[in-house]
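Shown here is one chain on its own, the form predicted on its own, set out as structure tokens.
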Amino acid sequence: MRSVKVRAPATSANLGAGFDIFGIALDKPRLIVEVSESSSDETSIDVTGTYGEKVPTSPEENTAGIVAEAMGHPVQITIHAEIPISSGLGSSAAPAAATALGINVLHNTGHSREDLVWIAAEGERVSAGIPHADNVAAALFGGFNIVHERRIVSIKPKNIGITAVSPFVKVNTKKARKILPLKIKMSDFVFNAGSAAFMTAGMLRSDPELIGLGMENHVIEELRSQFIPGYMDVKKAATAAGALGVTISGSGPTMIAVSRLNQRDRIANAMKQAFREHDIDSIEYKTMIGAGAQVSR
């Protein structure tokens, strides 16, 4: 029975002002999805790994299963889940992206990676209620991605330190989307547009200072940070330890800080300590902007 293994990265979306537009791939953590030929006309899913018990195995409730149905190829899928669930680190996007790539290779469907982004985005309906491509684009292309009007621009910045600290707090993605306003003030729009411009320029230049400035945003951070106890204290601690910018990863509760590579240890320790002062444990990833999904040989 033929099979394909794909390693796919955790991702961080929005990055402040780029709601449903910006996304980055992280060098770690990553998960592995094995896609195998099916002996039946139905897709089946098995899940193992650190976070396997929290991942649904019903194809209708799993992003990978939705992707398999969309591609019209029933397969056997094994997900080795090593990305925290409901953390804001793309735990639903990674298996969707990996499954899309795996089926593409296994059945030689001929899709480009850009085609696969829109197929994988359909899987995100399960977790977010709507298809969105910021996380899956980052998972497939790696680097920093801009997704707008069904077009994707992928940039590969180098040596950008990322510290991701995920507190043991639950945030519902659908709820985090619903609290966002349909209209914002012109002054907030102008501020966020400026931040988005700084973010893009920083990624093009591989400049962590510009990227950090681009993380400042109005409206979204203020509203979503209410779901993360101690948010402002953690942000201040990270900044004091050398972070050049701090924001919420996706819908949270993970917080990410951008920095130079040699500052990540200090920042991680400071953020974890700040969470502990609010009686919250957390897990940290001292990582960087990394590559996209890759077929494992």
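Since the structure is predicted, the reported quantities are computational estimates derived from the model, not experimental observations. A residue's number is simply how far along the shown sequence it sits, counting from 1.
Another form, the form predicted in complex with a small molecule, is not on view; read the next lines as being about it.
- Of the residues given (Thr78, Ser154, Thr200, Thr173), Thr173 alone sits with a heavy atom within 4.5 Å of the small molecule in the predicted complex.
- Remark: of stretches 43 to 51, 57 to 65, 25 to 33, 250 to 258, the one touching the small molecule in the predicted complex is 250 to 258 (heavy atom within 4.5 Å).
- Proximity of Arg113 to the small molecule in the predicted complex: non-hydrogen atoms within 4.5 Å are absent; the residue sits far from the partner.
- Using a 4.5 angstroms limit between non-hydrogen atoms, Arg177 touches the small molecule in the predicted complex.
- Among heavy atoms of His132, some come within 4.5 Å of the small molecule in the predicted complex.
- Contact annotation for Glu284: none of its heavy atoms lies within 4.5 Å of the small molecule in the predicted complex.
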